[in-house]
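Only one chain is given next, in structure tokens, and it is the form predicted alone.
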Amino acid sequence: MIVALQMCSGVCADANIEQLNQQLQQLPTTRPLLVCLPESFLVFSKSGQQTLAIAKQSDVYIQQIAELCRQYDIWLAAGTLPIATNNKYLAASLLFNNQGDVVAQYNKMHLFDVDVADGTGAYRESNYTQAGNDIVVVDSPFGKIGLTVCYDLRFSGLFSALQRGGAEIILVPSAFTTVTGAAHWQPLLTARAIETQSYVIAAAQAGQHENGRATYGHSIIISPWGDVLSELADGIGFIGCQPDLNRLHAIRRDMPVQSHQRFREQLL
């Protein structure tokens, strides 16, 4: 089973870990279980400088998350947490197994340097975030998992590359703004699921945050056929599904769009 946990993270990493722990206590008893967290679950700071300070302590929080995986016997896709590199940090999406081992790390590739007509107005992730370069697909008890983060959603070439790499389930941990979320969130996620014929699991931040930002929420799980299997519009909580990989492969067999593809995007 796969669960997407919707959060409303604040500026204090310790408080966010406690929020996570409280939610994990309410999980289904089904095992194996993968819990997917949103982008910036560990800290949703007011500034890049504050996030960088947490990034320099990332090892401490990684160990705490590993202990939660062991305690609750879960796999956990840790949305993003900052990891220091030179004078910036990586927006790192870590996948933990139920022994607390980090089995994969994806560093957010596309950075959100845009202007949005909301209360924040301008976003410049590249001021403090170091973009990643590597496409990551990892095997798991749930299927082959492809990792992305938030703004990556707008770049279909990455999703096509993940599908060609074997991905059956694609994770999209996010902190979409309310403006862009209302306009584009579900259409983009549905398109990526249909294009790649994959399950798309999108755990989101939701609500008004301590840092002054407002996020869209609407955590959602979409099937390889484009059906919405579960959605949580507002508040803190979780949704889940049991992926049917036999159905996924039947869809790919009956409509073999990847073998029909005449354009092969070269990302790197």
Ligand SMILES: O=C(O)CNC(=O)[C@H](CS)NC(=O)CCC(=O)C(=O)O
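Computed from a predicted model, the values in this text were never measured in an experiment. Numbers follow the displayed sequence, beginning with 1.
Beyond the structure shown, there is the form predicted together with the named molecule, which is absent from this document and is the topic of what follows.
Proximity to the named molecule in the model of the complex holds for none of 90, 106 and 134, with the criterion being a heavy atom within 4.5 Å. Among the residues 193, 175, 147, 78, the one placing a heavy atom within 4.5 Å of the named molecule in the model of the complex is 175.
The named molecule in the model of the complex is not approached by residue 96, whose heavy atoms all lie more than 4.5 angstroms from it. Taking the partner from the other structure, the named molecule in the model of the complex has no heavy atom within 4.5 Å of any heavy atom of residue 140.
Interface membership of residue 154, defined by any non-hydrogen atom within 4.5 Å of the named molecule in the model of the complex, is confirmed. Residue 40 belongs to the set of residues with a heavy atom inside 4.5 Å of the named molecule in the model of the complex.
Stretch-level contact check against the named molecule in the model of the complex with heavy atoms at 4.5 Å: of 67-75, 108-116, 193-201, 158-166, the positive one is 108-116. Contact annotation for 115-132: residues with any non-hydrogen atom within 4.5 angstroms of the named molecule in the model of the complex are 123, 125, 128, listed in sequence order.
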